[in-house]
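One chain comes next, on its own, written as structure tokens: the form predicted on its own.
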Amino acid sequence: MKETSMTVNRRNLMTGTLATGAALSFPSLVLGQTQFRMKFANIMPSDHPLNVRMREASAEIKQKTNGLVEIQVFPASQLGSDADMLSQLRSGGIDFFANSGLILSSLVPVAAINGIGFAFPDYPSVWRAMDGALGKHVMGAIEKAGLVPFEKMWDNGYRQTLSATKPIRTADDLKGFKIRVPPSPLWTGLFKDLGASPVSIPWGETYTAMQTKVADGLENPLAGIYFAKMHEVGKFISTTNHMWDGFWFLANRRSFESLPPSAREIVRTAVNAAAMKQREDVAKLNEDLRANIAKSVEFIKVDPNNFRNKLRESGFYAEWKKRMGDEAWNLLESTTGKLA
């Protein structure tokens, strides 16, 4: 059937309207920029919920921006160590990075506050603090350091104590215990004040260090212990829950702000929603992992008050209150109760 000039004009009008709408939604299209290929990196294994959910979010972002934004996921330290990737994020070598607050504290000291030893008694108190006023306070400090923090932290879980030599039931059992910790003043200070002998060993060398007795044990969330097969070189896991650890999802400011505003909102919404799903995943994962790990390692239940009292006596809380500042510390204690 022959098209009339009116039909052609109507089609042209509709095509022009759609093109104008796309240009208004994503102004960069006007300049010929059709896609932003961006990098997201982290240290967790590819099959950890952090990366599973982030790949889902990436697909959603690509679909909702009509292909304008594509976020590539680089798990398992493919782009370097935590310190390497933080440096790359700041320089723009990578666009997004999921980083523990305790590691981030090398740049933003108050970011370590979620890791104060034996502070959070349970998950509800964690999320009240980190989704609430304390989290906003830390976000403000991160922004001052030139990075863009997203609103919802991702869960890395409560950290437990794995021992290859003896069960850890009380703080006294840690006396002289060589425990592997990440290179962070808070981690080192926590275990020193509990009487242990912390040693900083790269995570990739920890399995061998346990085998060769360079370390008597380590501390990590159950997921970290399981995926790195650390339970193969341990005998006991004490459910100390000594520290809650989570990941801040961070963006390079220049890179993130290069996106059209509507695309930035799509990215924020998708990533924050993925974080909420990942929290549920980690809770379920920890239940399943405990059952699997218990086949080869004995779980030891402990009284956290014994460890908390030891930290009070050592002056741990008083010292870290000074380091964090009264404002941040008061926000922490508004959720956890009195510590110092």
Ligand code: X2X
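Please read all numbers here as calculations on a predicted model, not as lab measurements. Numbers follow the displayed sequence, beginning with 1.
Although not depicted, the form predicted in complex with this ligand is the subject of the following passage.
Every residue in Asn156, Trp203 and Asp245 with a non-hydrogen atom within 4.5 Å of this ligand in the predicted complex? Each of the three qualifies.
Contact with this ligand in the predicted complex for Phe97, defined as at least one heavy atom pair within 4.5 Å: yes or no? Judged by the heavy-atom cut-off of 4.5 Å, Phe97 is well away from this ligand in the predicted complex.
Give a yes/no on whether Ala112 approaches this ligand to within 4.5 Å in the predicted complex, heavy atoms considered. Ala112: no, not in contact with this ligand in the predicted complex.
Test of understanding: in the predicted complex, would Asp216 fall inside 4.5 Å of this ligand by heavy atoms? Contact with this ligand, no.
Given that the partner is absent here, does Asn220 sit within 4.5 Å of this ligand in the predicted complex, heavy atoms only? Yes.
Look at the stretches 117 to 125, 174 to 182, 133 to 141, 234 to 242 and give the one with heavy atoms within 4.5 Å of this ligand in the predicted complex. Among the listed stretches, the partner-contacting one is 174 to 182.
Considering non-hydrogen atoms and a 4.5 Å limit, which listed residue (Val282, Leu311, Ala57, Ile43) is close to this ligand in the predicted complex? Contact with this ligand in the predicted complex is made by Ile43 alone.
Which of these residues, Ile103, Leu194, Ala129, Leu162, gets a heavy atom within 4.5 Å of this ligand in the predicted complex? Residue within 4.5 Å of the partner: Ile103.
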